[in-house]
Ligand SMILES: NC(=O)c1ccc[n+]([C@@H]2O[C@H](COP(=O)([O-])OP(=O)(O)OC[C@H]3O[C@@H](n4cnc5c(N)ncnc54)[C@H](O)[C@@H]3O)[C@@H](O)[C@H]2O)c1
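Taking the form predicted on its own, here's one chain by itself in structure tokens.
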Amino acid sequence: MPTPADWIDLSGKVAHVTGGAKGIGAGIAKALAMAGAQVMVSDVNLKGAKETANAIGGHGMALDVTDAAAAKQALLDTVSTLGRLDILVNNAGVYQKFGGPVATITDKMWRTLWSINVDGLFYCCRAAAEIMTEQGQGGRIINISSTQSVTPGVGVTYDGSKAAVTQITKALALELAPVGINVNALAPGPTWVNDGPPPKTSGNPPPPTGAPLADSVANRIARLPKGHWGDPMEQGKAAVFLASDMSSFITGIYLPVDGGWLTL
């Protein structure tokens, strides 16, 4: 009889993590590898992808997810290299320098962010669904959304794109359930991905700056119930849960990993 240890064991599974050169993507790739999966790490930053892969005993490749043909080929190459595809984590995304008041958002900023956060995710989901369906053994697709899809704060570009990711996840979960593919969204809250220690949370909201978006984010971070920023491995642990048999009857959900952000 399987034990709980068996349910979380990803031995024999193959995962592909996009945007895995650093930050949350690297944390997820590491956690999946620690759970026993063979991991392919992709990123536009090939050097970073290979560094992450080398650190976890995986494989690294270059991938610009905005190129539909390249996205499909990357997943086919994963199958060629590692034998199959069981888990796709759509982590590739951007937000820095793409937020702010709507009047400041240029057409280029809008299209660049959406082409990565939404188009690229769709291209990878489409390719993975085809591969996993042909394999006939089900699979897991984990899309990285954000708490910002529920509580706006960065701006219409990023927040809107992550809301789209959440709805795409639900639609795909409904479509792909009959072939055994679970599709879920992981929604990180404040997660420290920069060098050095994260700033401490004070418990008290900072004085308002007059910028509603920035004030909303700063206010919530200061009052986080857990009292500290998250780290990429905490997102990785949640990804392992969604990738494993522990979540066999879970599909179409939006799972916040946010230190209590959404309770505020």
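Here the structure is a predicted model, which means the values were calculated and not measured. One rule holds for the numbers: they count along the sequence shown, beginning at 1.
Unshown form predicted in complex with this ligand; subsequent notes refer to it.
Partner contact region in the predicted complex: 156-164, out of 100-108, 133-141, 156-164, 74-82, criterion any non-hydrogen atom within 4.5 Å of this ligand. In the predicted complex, this ligand lies within 4.5 Å of some heavy atom of Gly23. In the predicted complex, Phe122 stays away from this ligand, with no heavy atom inside 4.5 Å. Mapping the unseen interface onto this chain, Val94 counts among the residues with a heavy atom inside 4.5 Å of this ligand in the predicted complex. Looking at Asn45, you'd find a heavy atom of it within 4.5 angstroms of this ligand in the predicted complex. Taking this ligand as it sits in the predicted complex, the stretch 56-88 comes within 4.5 angstroms of it through a non-hydrogen atom at Leu63, Asp64, Val65, Thr66.
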